[in-house]
Structure formats: structure tokens, C-alpha cells
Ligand SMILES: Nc1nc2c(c(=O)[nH]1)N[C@H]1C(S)=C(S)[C@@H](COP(=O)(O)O)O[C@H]1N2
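Only one chain is shown below, in C-alpha cells, and it's the form predicted on its own.
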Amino acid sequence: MTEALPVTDSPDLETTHTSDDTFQLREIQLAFRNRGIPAEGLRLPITPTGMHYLLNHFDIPYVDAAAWKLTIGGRVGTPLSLDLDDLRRRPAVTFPVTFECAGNGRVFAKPRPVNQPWLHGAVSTAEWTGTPLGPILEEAGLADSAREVLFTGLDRGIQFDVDQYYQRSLTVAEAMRDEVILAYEMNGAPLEPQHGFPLRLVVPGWYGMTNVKWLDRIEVIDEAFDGVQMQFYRETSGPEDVGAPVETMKVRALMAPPGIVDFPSLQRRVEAGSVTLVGRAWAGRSQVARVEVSTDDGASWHDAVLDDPIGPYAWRGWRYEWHATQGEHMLCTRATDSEGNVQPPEPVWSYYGVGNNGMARQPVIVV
């Protein structure tokens, strides 16, 4: 059974909240270490690697590819040890996958968790190349007692006073899905160090924390894994509340900023007349069924036109023709998925600031 994370007397990023709009030094340090996609990148169906959002909890490990091996063990009949060439010789697949950090939009929570200060830029879509995980697990031979598959990266650090390697698990059924791959290329090139070189897990539809980087070992286990990274990514009301796990991405739409930007205020200016608003929407393992646009802060809504899908696990483009009139306007957009789930107008609060898909707003001045 999952237990609530401990509360310590030491200053801890995950157990400190603030209602102040002034950001702390440690939040600024995190923001410089990690990055979101530039909002104008939402115009592109595939995010260039250099624009892809990035979140690393711990140090980026140095990996010597010539000496690196992936081990597969635990509750299996035939443990395996595979190098990069072994993996590349196996059947390969390539498809686009949208990644979104579970903490995307965290800064809009009230009170705000003092953590990685995401606005709405923690989302991107890349083309991933790798080999399916399922056949490798079949080759290793799962024991009848197998319950979960545990993935361990080479990145090591301390969180909640626990010295750990980054670890996440999936149920056996989830790990065996056809689309779950061990990826060694991103956008047609070998993984860059910050994106998990030489190998990472890609689990389409799930939030980004599931896609373990710098894979070192895979272990089949006969119990539910209850490590820190499984406990942190939960929608809880407080440290004493176990809450619900955050897993597949919720439906969300974002808009590429229209017009031109004023520096350094970042205020948007748009010329009056016909303006094409564009953006992207995604829904985890569901499909995007509808995107709506409002130019008056949600007082009225209008259907956008959806682009053709680029893949079952990738975001979908949308566009809306707006007749912009002079003055100040608040633009916003919301999406509905194929199961009828609609984005809420405001973030749904949780203690760690994860799993919220509140609507984004974009103020503009039409001149």
C-alpha cells in the first residue's frame, strides 16, 4: 500500500508552499536548470530537439556508450545483458509522442508549491526511435509471480531525504503494450545527454516522469514498487493524504502567442483585422475531439478547426480565424477529449502541483 511521504523539519521543495508571487532563489535556479518549450514552438508539429522541454531531477550522468549495458533481471527465467548494438539490431519503430511534465502549469496553483516553476511550457512532441520492450521481456521469460516492471536510471540524487537512483515502475500489462519502447534516437539522431543518452523508456500517453532516462537496468518484481518517484507523482491534498496516482495525460490545449512581443514585458500586440490563431491539443491515451477558442475570457466560445492527427499519441494542431477589434482582449482555449472530458477553467489544486490541466489565458492588445 502506498504511504504518504514524510514531512521533515529541513527546508524541502516539495513541502513548502507560498501565496506570494515573488519567486524564491531555488525556484529560479530550477528554472535555469530546466526549460519549457518557447510558446511559439507550438506552431510546429514536431518540436526540434533544442526546443523540447526539459526536466531533470538530478545530475545528468556521464555515460560511456562503449562500456554501457542494459540488464534485464528479477523474476525472469533468462536474465539479459544488452549493449546499444544489441538493441539497434532488433526491430525498430519510429513515431511521434507528446511528452508533458505532470507539473505543467504549477505556478498558477494557489498557494503555489515551491518547486520547478512551470508555466505552460512543459510540453513538446518529438519523433522517437527504438525497439519495443514487450519482445525483450518475453525473451527474458516472465515468472508467473511477475507483477510490475521496475526501471532504474543512472541519475542519482536526494529527494525527501532519500538517497536514490531515479526509479519508476509499470504494471506488467502496461509494460507489454506494443507502443512502449526503449528509445535510442530522438528526431532522427542519437539521444542527447540531457534527454537520456544512450537509452530511455518511452511510454506514450503517460506524463513525462514515466519515461525514465539513462536506463541502467530493468527488473521484473513480484510486488508493487513504492519508491519516492511513485509517491511524489500523486494528486494529494497534503502530506498525510495518499491521494491518487498521476498516470496518463489529461486533455489540454495551448495557443501559440499571436502578433508580436514587447520586450522585456512580453506583452503581445496584434494588428486589427483577420488573425489566424493556432495551437496544439493533446489527451494522453484518448483522442482530441474538440478545441474551442474564446477571445473574451470565456464569456463566449467558438469551435476551432482541427488539423489531421500526426499520430495516436501526438498532439493535434488547431486553428481559428479571429476578427480582431481594437482594444484589450483575453484569449483562451480549451479542449475536449473523446471520452467527454473538458479542460477546467482553473487549475485543480494538489499538494505537489501535479496533474492539473487548467485553462491557459493569453492577454493581447489589438492596435
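When you see a residue number, it is the position in the sequence shown, counting from 1. Owing to the predicted nature of the structure, the values given are computational and were not obtained by experimental measurement.
Separately, the form predicted together with this ligand exists; it is not shown, and the next lines address it.
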Check for me whether this ligand, as it appears in the predicted bound form, comes within 4.5 angstroms of all of 200, 211 and 233 - heavy atoms only. yes
None of 155, 179, 247, 185 but one has a heavy atom within 4.5 Å of this ligand in the predicted bound form; the exception is 155
In this chain shown alone, the residue from 332, 55, 30, 314 with a heavy atom within 4.5 Å of this ligand in the predicted bound form is 55
Is the gap between residue 149 and this ligand in the predicted bound form 4.5 Å or less for some heavy atom pair? no
Does any heavy atom of residue 282 come within 4.5 Å of a heavy atom of this ligand in the predicted bound form? no
Just checking whether residue 120 would be counted as a contact of this ligand in the predicted bound form - the rule being heavy atoms within 4.5 angstroms. no
Contact label in the predicted bound form: residue 101 to this ligand, heavy atom within 4.5 Å: yes
Look at the stretches 321 to 329, 55 to 63, 337 to 345, 303 to 311 and give the one with heavy atoms within 4.5 Å of this ligand in the predicted bound form. 55 to 63
